[in-house]
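Presented as structure tokens, the chain that follows is alone, the form predicted alone.
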């Protein structure tokens, strides 16, 4: 299969490399790592075993050409660029997988490409970028797949593609529910690492106050999802998220790394859109809304969009 990876950060590089390793023709659209990968290849340092790949790296999507599958692993902050970057890779039957964080992602893809070809992928993985051309895979790696029209046959085909590459997969009959359930981890753990002062998941899960805050954020997320037609077992999902996080190494989610690098945060996709969708169905989410306001403020302050006045008493 010919596959284009649009957004070759840690997630795109890792999953694209796994697919290439098992024989697929994978073509990576790169910016920061382009020259390093062309010169020395792509290195995956993984808890499951290191490997190196002589990757096909491109600087322009027009050079990639039409493919069978586009994996879009852009940051949600770059979603406005997605259509421009994906369009040159589309053929009549090309499928598009949004391997991205947040809510409302696939709706944008459907506006551009129609519902039939659009899939969502929710990755549960501890992964960071290293020096150019290097990805550090620390733990986990499973991906839950859904289809915009909840076409189960197509979801199974997508999951098999990844499973054949040695990736743990889950077939989700409801893409909407899969998105809300992923938010039950992203909303507490991605955002609290920032608002608690630059901590890892280890500090959150081991501090009673932060753990209680994470629990409250999970409860509200599940309640909002169920009001949107999901059937989330909130108690079971909360225990699962807490248990999974407890077994992680101390982990810095991508939102914290972006904050430390003064890059824009995925605030709107991970917090803003859930708040808006909860309001649309009349479900109060005061803890999520407070976290949204705080994270958004810290993001703008961190990047110099606002300043703090200096005053003396």
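Positions refer to the first chain, counted from 1. Take the two forms, superpose them, and find the largest set of C-alpha atoms that agree within 1.5 Å; that set is the rigid core. Everything numeric in this text was worked out from a predicted model, so none of it was measured.
Omitted from view is the form predicted in complex with a further copy of the same chain, to which the following refers.
- This chain is drawn without a further copy of the same chain; in the predicted complex, the residue among 74, 192, 224, 86 with a heavy atom within 4.5 Å of it is 192.
- Between the options 165, 232, 105, 199, the residue in contact with a further copy of the same chain in the predicted complex by a heavy atom within 4.5 angstroms is 199.
- A residue is said to contact a partner when one of its heavy atoms sits within 4.5 Å of a partner heavy atom; residue 135 fails this definition for a further copy of the same chain in the predicted complex, lying far away.
- Heavy atoms of residue 293 reach within 4.5 Å of a further copy of the same chain in the predicted complex, making it an interface residue.
- In the predicted complex, residue 139 approaches a further copy of the same chain with a heavy atom inside 4.5 Å.
- Residue contact check for residue 210: one or more of its heavy atoms lie within 4.5 Å of a further copy of the same chain in the predicted complex.
- Of the candidate stretches 66 to 74, 273 to 281, 49 to 57, 245 to 253, only 245 to 253 has residues with heavy atoms within 4.5 Å of a further copy of the same chain in the predicted complex.
- Within 4.5 Å of a further copy of the same chain in the predicted complex, a heavy atom is found for not a single one of 10, 25 and 96.
- For the partner-free chain shown, 286, 287, 289, 290, 291, 293, 294, 297, 298 of 279 to 298 come within 4.5 angstroms of a further copy of the same chain in the predicted complex, judged by any non-hydrogen atom.
- Superposition on the rigid core between the shown form and the other one places the CA atom of residue 283 less than 2 Å from its counterpart.
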